[in-house]
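A single chain, nothing else alongside it, follows as structure tokens in the form predicted on its own.
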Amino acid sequence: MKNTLKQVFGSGQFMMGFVIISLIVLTIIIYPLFNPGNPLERIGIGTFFKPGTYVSAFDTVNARQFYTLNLPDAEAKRVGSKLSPDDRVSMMEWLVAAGVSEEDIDIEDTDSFVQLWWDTYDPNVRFDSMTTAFRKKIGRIDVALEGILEDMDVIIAKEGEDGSLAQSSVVAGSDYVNVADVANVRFLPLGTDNFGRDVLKEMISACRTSLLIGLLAGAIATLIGLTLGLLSGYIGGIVDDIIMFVTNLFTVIPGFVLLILISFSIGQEQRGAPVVAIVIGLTSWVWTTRSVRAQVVSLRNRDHVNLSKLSGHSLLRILATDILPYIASYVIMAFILQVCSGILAEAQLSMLGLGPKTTEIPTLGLMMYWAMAYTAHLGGAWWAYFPVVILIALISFSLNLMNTGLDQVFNPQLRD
């Protein structure tokens, strides 16, 4: 046993897969300790907030202390943030038409670019090659620039007793607030989803649920496949014929189609995560049965098995002590693959709207379903689905690496 474990953990592929899945499991365990609470809590009043740090504007304006910083590039950054790439290109087109050499224009250098614009632009100048729509667009950009630079101060007003507004204070363009002094700051590394929920927190919880579904589905499928394969391969005869008839019947019917039909017939309200896992397990045992049967057929006439028969040992004892230990490594590999298949099957079902009901707990498949249903891919909200795809791929990759490593250890042909 010790030598076997040494060989297993000495396999590079197994260790790589084991490390990846271990890191995922550790993250699932540790992260909720630092960010507890309901993963389905809606924290965003809106949809698809992009990743970043969110600071309360109210707390910032009403901070106890302002710090004056004279940063030379502050104004340029303010202006630059208001000028979109399309606006810069349009301004450059106007400058080129006005006779400015394109080599003298650097649209990335906001200071020099805006200064060149002020020195050159004349709203009364018109070019025959410019359309009316383009001239109006340039005029809007110029007016917006003037508005930005006209007054950098922000006036804070409050309502008086007579209902009139009076100036309370002024926040100058050089005033800064230390984030540590702001009462409410929230870091959203993966933004929010279509419901305004923290994607990272939701994904961690969804990963835990999907792994549990995969483990339960894999255990059920492996147990059924192992039992039927042992009985079919060892007993043979009419028992083998009946089991193989049922197995072939399930083989003819595509497993995923059967899974869809069963899930649809159960109904949305009854489809909790355990129910989905059981359904996946009950429809994915076929290939395990056939594989185990093939292994048992090659073992049932071995000398140690015949000796047990002559000794009068029971069927259960022969299967448990004389056959199962010889195929244990294969059963473990089958279980790993069944877990991987269960996770992918849940994701596929949920993408079709047939996964666990959406009001209880998140799963990786449900996150994909919500993102696609609310067209995150069309709106550029990549954070709502791309990390989920990467996580599913990492889980599948790690489990398959572990299976390949075990196969190299226990398969003599591959080991040689």
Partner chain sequence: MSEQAPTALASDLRQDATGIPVLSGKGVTKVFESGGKKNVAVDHVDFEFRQGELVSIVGESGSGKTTLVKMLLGLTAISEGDIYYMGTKRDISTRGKKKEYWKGIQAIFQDPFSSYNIFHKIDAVLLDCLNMRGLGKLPKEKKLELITEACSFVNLKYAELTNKYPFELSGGQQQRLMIARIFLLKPRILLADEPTSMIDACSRATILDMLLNLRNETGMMIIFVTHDIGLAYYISDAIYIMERGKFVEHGKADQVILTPTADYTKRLVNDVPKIHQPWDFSVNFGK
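Positions refer to the first chain, counted from 1. Small disclaimer: the values here were computed from a predicted structure and weren't measured.
What follows is about the form predicted together with its partner chain, which we do not show.
At a distance threshold of 4.5 angstroms between non-hydrogen atoms, residue 332 is out of contact with its partner chain in the predicted complex.
Residue contact with its partner chain in the predicted complex: residue 326 places a heavy atom within 4.5 Å of it. Its partner chain in the predicted complex is not approached by residue 123, whose heavy atoms all lie more than 4.5 angstroms from it. With a 4.5 Å cutoff on heavy atoms, residue 72 does not count as touching its partner chain in the predicted complex; it lies far away.
Contact with its partner chain in the predicted complex, judged by any heavy atom within 4.5 Å, is made by just one of 307, 143, 294, 261: 307. 311 is the sole member of 81, 311, 101, 132 with a non-hydrogen atom lying within 4.5 angstroms of its partner chain in the predicted complex. Taken together, the three residues 303, 317 and 321 all come within 4.5 Å of its partner chain in the predicted complex, as judged by their closest heavy atom.
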